[in-house]
Ligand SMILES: Nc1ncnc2c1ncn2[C@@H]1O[C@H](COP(=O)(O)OP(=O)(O)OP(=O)(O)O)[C@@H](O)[C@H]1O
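A single chain comes next, written as structure tokens; it is the form predicted alone.
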Amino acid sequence: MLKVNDINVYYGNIHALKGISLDVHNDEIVALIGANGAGKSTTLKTISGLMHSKTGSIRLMDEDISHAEAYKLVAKGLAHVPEGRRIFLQMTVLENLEMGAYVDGGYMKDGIADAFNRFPRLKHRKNQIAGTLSGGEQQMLAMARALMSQPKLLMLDEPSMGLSPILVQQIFDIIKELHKTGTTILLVEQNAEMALEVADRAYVLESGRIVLSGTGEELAQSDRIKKAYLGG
């Protein structure tokens, strides 16, 4: 589904990503975990075309997308839910969903029905201005909007950030349900325990480098991971 090979990304003179290589197979959940500033969000931004690497390559379903423009990648099957949700705050819930379907207007009716079936709380608030939703509802809307493009690969950046424990569990239940229905997911998450619980495989980033990888279960049992991220 996705193959990232030796990408190096800079913010001015700051070397943010240092030779990152990773892959995501069809129907997997792959997690990227690490501390703030490790390069997790930059990795997703580079995959989705918001930033570009000076080296290496990025392939989506065996097509080189290394230099593709971000908006074109949506039509190729890639959806990115960014950190901070970035919904259209002045639009209604329904209008946000309609914006998510801009690459395939023919799917609009079925997509909205699917979104309301998957996120019932949004159905009850479909005519509500998105900026007045709770944090959890805004996260659900951001995810639902991304799914309107029928992505092959869904990238989620910190979906649990700022949410109460109950809402975090709800978001992760939705992630697991999406996985069961065939969506491939690349998940960036600071809540390492929850991320490793749902992940088939995971990568650990430190200071812009991948320092460890393995199955979610393997990393959850790693003494290094327990000490650094799980409070063990």
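Since this is a predicted model, take the numbers as computed values, not measurements. Start at 1 with the first residue shown and count on from there.
There is another form of the same protein, the form predicted in complex with the ligand; it is not shown, and what comes next is about it.
- No residue of the trio Tyr71, Ser149 and Thr183 has any heavy atom within 4.5 Å of the ligand in the predicted bound form.
- Across the options 34-42, 191-199, 163-171, 61-69, residues that bring heavy atoms within 4.5 Å of the ligand in the predicted bound form belong to 34-42.
- The ligand is not drawn, but in the predicted bound form it has no heavy atom within 4.5 Å of Ile210.
- Using a 4.5 angstroms limit between non-hydrogen atoms, Glu83 touches the ligand in the predicted bound form.
- In the predicted bound form, the ligand sits within 4.5 Å of a heavy atom of Ala16.
- Residue contact check for Glu158: one or more of its heavy atoms lie within 4.5 Å of the ligand in the predicted bound form.
- Interface residues of 50-70, taken as those with a heavy atom within 4.5 Å of the ligand in the predicted bound form (partner not displayed), are absent.
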